[in-house]
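Before any questions on how it binds or moves, here is one chain, the form predicted alone, in C-alpha cells.
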C-alpha cells in the first residue's frame, strides 16, 4: 500500500467517526477491513465520489436502506418514515459528500478535487469503478447495522 493510500484510509476512518458523531449523532464502531480487487457497490444504497487533483481515487459508501434512511433522517431532521426516494438519494449523496470532505481536510496528501456525489438506491443494483487499483473496504457498525466505506486509490 502506498503512503498516500495509507493517509487516505486513516483520514477516512476519522472522517466516518466525525461525520457520524456530529451529523448523525451515532457512534461508528470499526467492524473490520479488507482489500478486494475492484470497487463494487452492491448493497441496497450506495454513494460514490471521484477524487482528483494530486490523487486519482474513488470513494464509495454502502449500507442497507434502513440505516441509510435513519442516517438521512438525522441529518435532515425529518422522521425516516417520511423520507421519499428523492430525499433518500439527496441524503445519501450528502452523506458521501460530508465523509469525503472530512477525508480531504484530514488526509494531507496535496491538492484534492472532489466530484459531485452520485447516489444509488434500489433492491438490485451493482455500481463498479473500472480501475486497476485495489479497493480497501472499511466496515463500521452503526446502531447494529453494517456501513461500509470503499476506497480505491
Partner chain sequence: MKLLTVDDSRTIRRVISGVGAMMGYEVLEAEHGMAALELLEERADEVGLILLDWNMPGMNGLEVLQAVKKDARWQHIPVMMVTTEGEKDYIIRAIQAGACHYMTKPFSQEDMAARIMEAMGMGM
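Residue numbers count along the first chain shown, from 1. Not measured: the values here are computed from a predicted model.
Just so you know, the form predicted together with the partner chain exists too; it's not on screen, but the next bit is about it.
Counting heavy atoms only and using a 4.5 Å cut-off, do 46, 56 and 136 all touch the partner chain in the predicted complex?
Per the other structure, none of 46, 56 and 136 touch the partner chain.
With the partner chain left out of view, choose which of 27, 42, 90, 33 has a non-hydrogen atom within 4.5 angstroms of it in the predicted complex.
Only one option qualifies, and that one is 90.
Just to be sure I understand the contacts: of 98, 119, 107, 69, which is the one whose heavy atoms reach within 4.5 angstroms of the partner chain in the predicted complex?
Only one option qualifies, and that one is 98.
Taking 4.5 angstroms as the cut-off for heavy atoms, does residue 9 touch the partner chain in the predicted complex?
No, residue 9 is distant from the partner.
Is the gap between residue 51 and the partner chain in the predicted complex 4.5 Å or less for some heavy atom pair?
No, residue 51 sits far enough from the partner chain in the predicted complex that none of its heavy atoms falls within 4.5 Å.
So in the predicted complex, does any heavy atom of residue 142 sit within 4.5 Å of the partner chain?
No, residue 142 is distant from the partner.
Indicate whether residue 80 is a 4.5 Å heavy atom neighbour of the partner chain in the predicted complex.
Taking the distances in the predicted complex, the answer for residue 80 is no, it never comes within 4.5 Å of the partner chain.
Quick one: which of 107-115, 57-65, 120-128, 33-41 gets within 4.5 Å of the partner chain in the predicted complex, going by heavy atoms?
Among the listed stretches, the partner-contacting one is 107-115.
Can you list, in sequence order, the residues from 59-76 that come within 4.5 Å of the partner chain in the predicted complex, counting heavy atoms only?
In sequence order, 75, 76 come within 4.5 Å of the partner.
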